[in-house]
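Have a look below at one chain only, the form predicted alone, in structure tokens format.
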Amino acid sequence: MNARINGVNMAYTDDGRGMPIVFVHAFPFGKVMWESQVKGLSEQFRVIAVDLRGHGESDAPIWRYTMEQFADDLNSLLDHLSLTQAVMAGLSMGGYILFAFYRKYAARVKALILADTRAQADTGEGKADRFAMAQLAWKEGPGAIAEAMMPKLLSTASLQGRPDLVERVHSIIAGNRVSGIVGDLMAMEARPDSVPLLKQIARPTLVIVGEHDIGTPPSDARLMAENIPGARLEIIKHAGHLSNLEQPEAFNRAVRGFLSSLRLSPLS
């Protein structure tokens, strides 16, 4: 499906009925990373997965991207879908976007799922790494980004023993466009520290992290879970940064268990 959102054509999937869940993907992926969640959860929930601007089947304009812009796009998508509220789920960069979304549109958040992400802003070293990666993307293309990122995305066991998964992750990254990759890097580098926001979050929240996540380790997840009032923490065994891809059944079980424990109206 496609919709004209804030001047760009945005692609999304919309499957199932019931409580709506909007899945927001990581950098530099797309809605395809949520295929196992769409398949596994759509019998019970209305599952929406979006290609952010710059990714997948959506437009990839060459211009500045920001977390607030991504949040505005998600807000307009909810308008397009006639949804007053939704459960908002984001992984890695998707989590950064949800912090921005909550700042601007908290009333539209029914519950939060923050997966393999962190609340802290980039350090000086992290900002320098973003700049270096942008130069790599510009000079050598998305395939070089895939090669550079792969060791940090999956657990050692998957990197060594699951070639099909490695190839799938590589192909998703390599299929993106340079404009979107560079735009994301600029947006992530400029994002604010969200640690002060954590205690202000007044929605049911699930924090998920792979036990072998290198990029946003369990310590980052614990910081969020300990500071968001009433948050639940789930550590996915035998998973790295892409816990939903590496252990989709465990990830879906965590989401299903969290949502079934909430007294939320089934439809919005």
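What you see is a predicted model; the values in this text were computed from it and never measured. One-based numbering along the sequence shown.
Another form exists, predicted in complex with ligand MLT; not displayed. Remarks below refer to it.
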Problem set entry | 4.5 Å heavy atom contact, residue 169 to ligand MLT in the model of the complex | no
Problem set entry | Interface membership of residue 119, ligand MLT in the model of the complex, 4.5 Å heavy atom rule | no
Problem set entry | Heavy atom of residue 70 within 4.5 Å of ligand MLT in the model of the complex | no
Exercise. Using 4.5 Å between non-hydrogen atoms, is residue 45 touching ligand MLT in the model of the complex?
Worked result: no
Problem set entry | Heavy atom distance at most 4.5 Å to ligand MLT in the model of the complex, all of 23, 88 and 114 | no
Exercise. With ligand MLT left out of view, which of 149, 178, 165, 109 would have a heavy atom within 4.5 Å of it in the model of the complex?
Worked result: 149
Problem set entry | Among the candidates 154, 137, 188, 100, the residue which, in the model of the complex, approaches ligand MLT to within 4.5 Å (heavy atoms) | 188
Exercise. Which of 55 to 63, 25 to 33, 228 to 236, 196 to 204 has heavy atoms within 4.5 Å of ligand MLT in the model of the complex?
Worked result: 25 to 33
Seminar exercise, completed: Looking in the model of the complex, the residues of 92 to 114 with a heavy atom no more than 4.5 Å from ligand MLT, listed in order, are 92, 93, 96
